[in-house]
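Presented below, as structure tokens, is a lone chain in the form predicted on its own.
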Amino acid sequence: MPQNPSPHRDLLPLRPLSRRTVLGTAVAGTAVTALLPGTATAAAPASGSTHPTDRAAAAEVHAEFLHGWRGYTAHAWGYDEVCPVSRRHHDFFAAGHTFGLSMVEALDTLYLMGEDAELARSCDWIEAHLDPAQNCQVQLFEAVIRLVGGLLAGHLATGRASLLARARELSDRLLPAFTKSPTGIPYTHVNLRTGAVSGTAVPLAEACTNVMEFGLLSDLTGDGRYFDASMRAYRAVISRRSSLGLLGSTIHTETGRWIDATAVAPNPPVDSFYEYLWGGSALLGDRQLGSWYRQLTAAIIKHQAVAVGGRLWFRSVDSATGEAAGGTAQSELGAFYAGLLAKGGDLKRGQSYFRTWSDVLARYPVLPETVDPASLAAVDKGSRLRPEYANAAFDLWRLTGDAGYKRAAYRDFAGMRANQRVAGGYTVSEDVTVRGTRPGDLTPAYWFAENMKYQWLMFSATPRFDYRSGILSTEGKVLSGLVRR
């Protein structure tokens, strides 16, 4: 690949979803055309891996999800996360405070898998016990994508008005992070009871990964405050892009000045900032978000895309000069970008970047957290049960219909099952380069929202999901396309 390839020329059109589709009823003909399985010819990922029949693979995925779910319900029911080795629980947002995070994250996955009794049990707990007014400080970014998004997806799946009401109350208590900011760039943390805000050094992803959830909430309630807050934040950040069209990685809430002007896309801490430009445009039909996505992606491709060892990577550069800056390690969290590029119209580069991460996976039982792009050596040797590679495989399969992406996804699933399964569920790993991957002791709540959902959707052909119109958030929440049964 050339150092400075030309910007996108083939971005696919983004069309708004009808209100009926947003509310979860499949409507033929209202889909985003970029998400039709089999509409393009894929270059399948190079892999000798195979997988069983779709039915058999779906049964395996379902069984493993239930294994993890039973570990949670047996040892951490009502708490945020399970520690499956020690069989204890973990409070995610604040010590001594629980939001039942894992069950909120699991709501639409339970629905898609037909686990209606467990879904009802979880909804009952949320209605009785989830308190959006706890006297604790929560991280805005995580609260929006995990709690607000999970409650909205649960509402779309079940029709329970109480879940929508909880999402709205929680969002009202998060809004001070935006409304108290002089720039519109939100503070990173807010106390849900007092409205006190803190955190002025804002990673780019944390500034704006909220427009999908807040936009949907505005649509469902008729209250535009949530969407307006998100868009004000986007405008504040994007107006501060460099003359090269690049954005830094950390910005100051109150001054609007860059704290770190290094452009590091698609790696953290900026990753989902770009994902929500495309996702927000597709879900909400907002042309401005789509235009920003195209402009910023063109700049990333021009100044950051590089070939290292014959593979596509994205280097870190000074956003003002375009000169190389920062470290070279690449994060597994950036693997989602293969699917985003493809959905945004650049299928060829999306496929190329997916092959890059497939080459990394071929060297390890599961993907390490970070790798050196030249040697593919693990830099951070741990694994946090990340879902981004499976996410990209799902996106590319939907676009192309190519079974190569199913084989790649199944290989990812099989590696996880062989190396991160314990008696109490699934756990993170401390070192994927040694035999046994040195198990840790945590099932991140997002495992219930993402990893198994992508696999299930690929293999199950569930009638509860509209494969034409479905749109998922960065946390794997189905915000459009759930089919009510």
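All values reported here derive from a predicted model rather than from experimental measurement. Residue numbers here begin at 1 and follow the sequence given.
Quick note: we don't show the form predicted together with a small molecule, though the next part is all about it.
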Report whether all of Phe141, Arg146 and Arg386 sit within 4.5 Å of the small molecule in the model of the complex, measuring from non-hydrogen atoms.
yes
Between the options Leu164, Ala236, Leu333, Val379, which residue brings a heavy atom to within 4.5 Å of the small molecule in the model of the complex?
Leu333
Heavy atom within 4.5 Å of the small molecule in the model of the complex: which of Thr253, Ser272, Ser122, Thr356?
Ser272
Hey, in the model of the complex, is Thr474 touching the small molecule, heavy atoms inside 4.5 Å?
yes
Taking 4.5 angstroms as the cut-off for heavy atoms, does Phe459 touch the small molecule in the model of the complex?
no
Tyr446, heavy atom within 4.5 angstroms of the small molecule in the model of the complex:
yes
Within 4.5 Å of the small molecule in the model of the complex, heavy atom basis, the matching stretch of 446-454, 428-436, 414-422, 64-72 is 446-454
